[in-house]
Structure formats: C-alpha cells, structure tokens
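Below are two forms of the same protein chain, given as structure tokens: structure 1, then structure 2.
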Structure 1
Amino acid sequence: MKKLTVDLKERSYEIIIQNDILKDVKNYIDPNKNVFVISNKTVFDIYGKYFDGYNVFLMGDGEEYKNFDTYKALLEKLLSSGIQRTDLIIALGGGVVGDVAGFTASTCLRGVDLIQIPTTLLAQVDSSVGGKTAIDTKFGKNLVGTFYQPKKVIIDPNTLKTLPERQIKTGLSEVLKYAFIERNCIDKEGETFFDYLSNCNLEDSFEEIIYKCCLMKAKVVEKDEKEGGLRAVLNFGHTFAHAIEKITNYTVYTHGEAVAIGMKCILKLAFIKGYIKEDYYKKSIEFLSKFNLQLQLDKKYNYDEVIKALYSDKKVKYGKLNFVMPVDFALVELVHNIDELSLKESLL
C-alpha cells in the first residue's frame, strides 16, 4: 500500500493506492453515513459487487454525457432520495464520472462529502486529485465547474486490467505530461520522471507510476489550489487538446488522445518560437513516439477552426491566449501573445 496526503490545512485528504483495495473498500468508508454511488453501467457491472447496500445512480458512459442534462438528472435523483448534508457521494469511474459526480457533490445542498474512486489511468493520475470538477457546454470543455476537494481518494491499480488498450493510452498521455513539467529528481540521484518513464516497463510499474504522478500533482495543488498561477502547468498540452475536442464534438478523440496531439503541437510551437532548442524538441517527440501515441491531428479538420476554438479555453485572459510553454528540459512557463501563423504551423 502507498499513501500520500494532499496538504490543504483543514481540507487535507489522503490518497490511498493499493492493488485489490476495492475488495475491502467498505473498510475505508464511514459506516454511519448514508452513501450514494455515482457510476456508469460499464464500471458498475464490474465493481458494483463491492458497493452492495448503497444507493446507486448510473449515468451515461462517455464525454458526451458530461453535461447539464446529466447533472440535472443526478441532482433530482439525489434530492428525491432525501440526501442530507451529512451523507456521502462516491464517484466510481473514470474522469467523466469523477468530474460530474464531483460537481454534483459540490453543489447539492451547497456541499456533500465526496470520495473519489477512479478506475481509469487518466483519472488515477490526474482528474481524481486536486478538486477540479466540471461539466462541458456547447461553448467549450469544463467551462462550468467548481474547486471542491474530496475527503479521500482510493485507487486500485488492478482496475487497469479491465481497460481496453485505447483507454490505457488515453491515461498514458496524462502520465507523460508530468515528464515535461517536473524536472525534480524522483528516486535515484539525477533520475527525472522523463528518465524513469523512458526506462521502466509500464505494465509492471503502474502502481509506482500512479504514486509518482499523484505526488507531483499534490505538490502543485498544495501551492496553488485554485489555479492562480503555478497549477496551470498541469494543463501542458491541454489548450490545444480542448480545442481539438471541441471541433470534433468530443466524439472523435478521447481526452488523452487529444492531449497527446496537444503536447506535440505545443512542443512544435515552442521550437518554432525559439523557446526550446532543436535537440530537446527532437528528444521530446521521440519520447512521445515511443509510446505509440497518435501525435498528428487528422488533416481533414480545418486548422482555422482549431485556432478559433482555442479562444474558448479557460486560460484566455483579456482576450489573449495563454499557453503552458516548454522553455527547457522538464520546465514550462505561461506564455501569451502567440501569432496565429505560428499556431497554424504548429498544427501541421
């Protein structure tokens, strides 16, 4: 078992990582609370047996269900079931379930306790930690949401064994993101996360990878809980990714697939604009390519539409685009005022 704490003073909480922890999950849930589990059919068909006796509400499976309709339906089910502020909501599933259940918990009765139990790699290394909740709108991704920290995050790496390869790769993009934003040594003297991922066997290392990612994210969140500055680094590659998801109506690329393309775009943009040198650019593209991720946006999509969609990103301030830009090995800065010609070139 691996444990770490997200230190946010009175709102601090524990992240527990252990293979097969779901078999004993009720040992980590207050028996005196009335529990409401929000999940989807795909996940609950596999893991529902560990949550017998609890109230269960299932939502649709996929990004297209991360919307006002789902949020409204969940609220109505919770309220009609007599949920109270002393009760508990559990988010059991991937990033979509975690985001919607978290947003619902944060607004229902002005706040009901929440436990995140992520079952996908993407959710385990990123979205379940840090308290971001949101739903999508026709204007863009994650534009309606809250910062609402869970009371606990419970991670069972063995849930990854039930995922299709596409979902593993989706989460892998969020894992690789950390290699570009964190240059601090991890274990061995001089070994960065970039080095660790380059040399480890992924299938044998997921528990350790999840722990390292959660540790890095926790340190960022502790310093900047509500994305006043530093926390924006966690969005490396995401500005392009969210625009790509928007123009494809969230139905062509998974979030992680869009992030992989987004990371390639921002690396190319950084090289074009002189923020990074050619050797780091080439090394970075080789690193991403090693994991067999799609790095190129299909040329059938209109690049002008992508650029237009960039302006719906949450990091736009005073009408200016802001990018988490690589400026050196595993080091990024927030940069704005990038010309549209360079943006288009980075998509090619």
Structure 2
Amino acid sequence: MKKLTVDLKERSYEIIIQNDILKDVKNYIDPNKNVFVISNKTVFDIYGKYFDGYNVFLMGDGEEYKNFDTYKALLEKLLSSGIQRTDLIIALGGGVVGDVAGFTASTCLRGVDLIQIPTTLLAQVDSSVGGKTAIDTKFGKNLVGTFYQPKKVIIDPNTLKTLPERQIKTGLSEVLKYAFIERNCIDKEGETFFDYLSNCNLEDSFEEIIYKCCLMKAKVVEKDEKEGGLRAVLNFGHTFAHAIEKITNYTVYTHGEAVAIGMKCILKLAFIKGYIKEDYYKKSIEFLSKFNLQLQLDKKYNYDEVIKALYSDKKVKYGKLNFVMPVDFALVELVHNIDELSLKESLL
C-alpha cells in the first residue's frame, strides 16, 4: 500500500493507492455514514459488487453527460432521498463521473463530504486529486464548477485491467507530462521520473507510477490550490491540445491523444525558439515515441485553424498566448508572446 497526504491545512486528505483495494473498500469508509455512490453503468457493472448496501445513482456514460441535466437529476435524486450534510458521496468512475459528482457534492446542501474513487488512468493520476470540479456548458467545457477537495482518494490500479487500451493511452499522456515538469513540482535527488518511465515495464508499475504522479500533483496543489500561478505547469502540452481538440470537434482525438501531439508541439517550439538544446529535444521526442503515441497532427487538418483556435482559448489574456515552455531537463516556465510562424512550424 502507498499513502500520501495532500497538505491543505483543514482541507488536508489522504490518497491511498493499492492493488485490489476495492475488494475491502468498505474498511476505508466510515460505517456510521449514510453513503451515496455516483457512478455510471459501465463502471458499476464491473465494480458495483464492492459497494452493496449503499445508495447508488448512475449517470450516463460519456463527456456529453457532464452537463446541467445530469447535475440537476443527481441533485434531485439526492435530495428526494433525504441526503443530510453529514452524509457521504462517493464518486466511482473516470474523470467525467469525478467532475460531476464532485460538483454535485460541493453544492448539495452547501457541501457534502466526498470520496473520490477514480477508475481510469487519467483520473488516478490527475483529475481525482486537487479538488477541481466541473460541468460543461454550451459555451464551452468545464465553465461551471468549484474548487472542492475530497476527504479521501482511494485508488485501485488493478481497475486499469478492465479499461480499454485507448483510455490507457489517454491517461498515459498525462503521466508522461509529469516527466517534463518534475522539477517544478518537487525537489528530489535520485532517479528522475523521466528515467523511471523510460526503464520500467508499464503494466507492472502502475501502482508506483500513480503514486509518483499523485505526489507531484499534490505538491503543486499544496502551493497553488486555486491556480494562481504554479498550478498552470500541469497544463504542459495542453495549449496546443485544446486547440487540436477544438478544430476536430472533440470527436477525432481523445484528450490524452491531443495532449501527446501538444507535448511534441511545445517541445518543438521550445527547440525552435532556443529555450532547450537539441539533445534534450531529441531525447524527449524519443521518450514520447517509446509509448506508441501519435505525435503528429494528421496532415489533413488545416494548421492555420489550429493557430486560430490557440488564440480563442479561455486562458488567452489580452490576446497573448501563454505556454508552459520547457526550458531545461524536467523544468518548464510560463512564456508569452510567440510569433505565429514559429507556432505553425512547431505543428509540422
């Protein structure tokens, strides 16, 4: 078992990571609490057996259900079941369930305790930790939400055994991003995460990988809970990724697939603009290539559209693009003002 604490004073909580922990999950849940599990059918059909005796509300499966209708339906179910402020909500599923259940928990009765039990790699290394909750709107994704820390995060890496391969790859991009920002997250001696990932056998190492990622995310969140600055480093590769997702209507690439291409673009941009040297650039591309991720945006897309989409990102301030730029091994810096020509070149 691996444990770590996200230290946020009175909002501190533990992350517990252990293969097969779901089999004894009830040992980690206060028996005196009235528990409401929010999940979806896909996940609950497989793992629901470990939650018998609890109230269960299932939502639709997919990003298209991360919306007001689902939120409203969940609230109505919780309230009509007589939920009290002293009760507990459990989010069991991927990032979609985690975001909606988290938002619901944070607003229902002005806040009901929440435990995150993430079951996708993306949710285990990223979305379940840090307290961001959200739903999507017709004006854009994640535009309505709260910062609401869970009381606990329980992670069973063995749930990845039932996760489709494409979803593993999606989460893998988020794992790899930590290799490029490690020094922004933690001061540490010894083997780097970059080298650890280069040498490990992925399938046998998920417990350790998830632990290392959660530790890095925890350290960033401890220093910048509400994304005033440092937390932006977690968006490494994401500026290009969001633009790519946008021009392909969120239907061609999964988020992680877009992040893989986005990481290649920002590394190339960093090299073109002289922020990193050639050997680190080459080593990085070699590293990303090892994981069989597509790094090149399909040539059939109009690269000018990507540039246009970059400028319409919600994080663009005063028309200036912000990039989480690699500047040295495992180190990034926030950089503004990049010329369009270089942006385009980095997509090629």
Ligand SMILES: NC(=O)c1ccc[n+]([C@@H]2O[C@H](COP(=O)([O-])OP(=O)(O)OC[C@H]3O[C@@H](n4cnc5c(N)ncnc54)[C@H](O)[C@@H]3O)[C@@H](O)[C@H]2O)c1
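Every residue number counts along structure 1's sequence, beginning with 1. Source: prediction; values computed, not measured. Take the two forms, superpose them, and find the largest set of C-alpha atoms that agree within 1.5 Å; that set is the rigid core.
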Answer check: the form predicted on its own matches structure 1
Two rigid parts, C-alpha superposed; the smaller one turns between structure 1 and structure 2 by a whole-degree angle of 11
Shift of the Cα of residue 303 between structure 1 and structure 2 with the rigid core overlaid, in Å, rounds to 4.1
Cα of residue 244, core superposed, displaced between structure 1 and structure 2 by (Å) 3.0
